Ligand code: G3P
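First, one chain by itself in structure tokens, the form predicted on its own.
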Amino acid sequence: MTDTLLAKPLLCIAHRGGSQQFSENTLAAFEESLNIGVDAIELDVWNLGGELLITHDRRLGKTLPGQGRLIDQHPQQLKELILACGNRIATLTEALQLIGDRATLNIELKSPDCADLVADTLEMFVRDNDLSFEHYVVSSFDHRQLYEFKQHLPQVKRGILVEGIPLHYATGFDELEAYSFHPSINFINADLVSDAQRHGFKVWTYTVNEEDDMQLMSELGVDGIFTDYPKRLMNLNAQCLSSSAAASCGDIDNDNDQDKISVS
């Protein structure tokens, strides 16, 4: 058993699906994380020729075979590519259908013109399947797109992605009326966390893969982490919640007193 002990449980967000078996951002990766019971799944979307495709990199050659810029490719050709794990690139609608209400879905806006199309797609899916917007968070480094998304679909929670530490910490983000603040593990400190939480934001840190870093994030008071290794965090959360560690663990932020951490 690991010697690492969390100060409190952390929301487990499977980064790009969080799979070690399947290619990132694939339906197979999402299904794997759903089967182990993660709290949330994060994925990346691009508007390519009017279609919302799920992938991360702006160029082919890493996850997607081939070479060249993603935006120069025809969406149908991209959907025909075979990834290393044998799967194909998925659409946002396919991911929505797979995940449903089985976990919270964090949709990151990657291309510069996808806010309205994501809002339309999500609104139609929720309406047609009688679901709740509470299952979704839309995030981006492009804060103007987050603002645009807010105008279109304000009932969906928004997450503010940042790479560095803003001069005035979380001050200045009030106009976005966001739910969560997503700083990089490379640029985080206790003052940034506490300031964001004073502004009413949940703090979700990316990308946290090692157990000692998970422990540090818990000690800093962050609410959740994006991780490529969700099983590691889930094991640490289970240990923290066990009777032997109960005295060391804080309460889970859960209005329904369930085992899963709430994002409401």
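Numbers for residues come from their place in the sequence shown, where the first is 1. This one's a predicted model, so the numbers in the text were calculated from it and none came from an experiment.
In what follows, reference is made to the form predicted together with this ligand, a form of this protein that is not presented.
- For this ligand in the predicted bound form, the listed stretch (192-200, 231-239, 63-71, 36-44) containing residues with heavy atoms inside 4.5 Å is 36-44.
- Scanning Leu161, Leu98, Ile185, Cys85 against this ligand in the predicted bound form with a 4.5 Å heavy atom cut-off leaves one residue, Leu161.
- This ligand in the predicted bound form comes within 4.5 Å of no heavy atom belonging to Lys157.
- Interface membership of Lys110, defined by any non-hydrogen atom within 4.5 Å of this ligand in the predicted bound form, is confirmed.
- Using a 4.5 angstroms threshold between heavy atoms, Phe133 stays clear of this ligand in the predicted bound form.
- Put simply, Phe226 is close to this ligand in the predicted bound form: some heavy atom of it is within 4.5 Å.
- Taking this ligand as it sits in the predicted bound form, the stretch 5-19 comes within 4.5 angstroms of it through a non-hydrogen atom at His15, Arg16.
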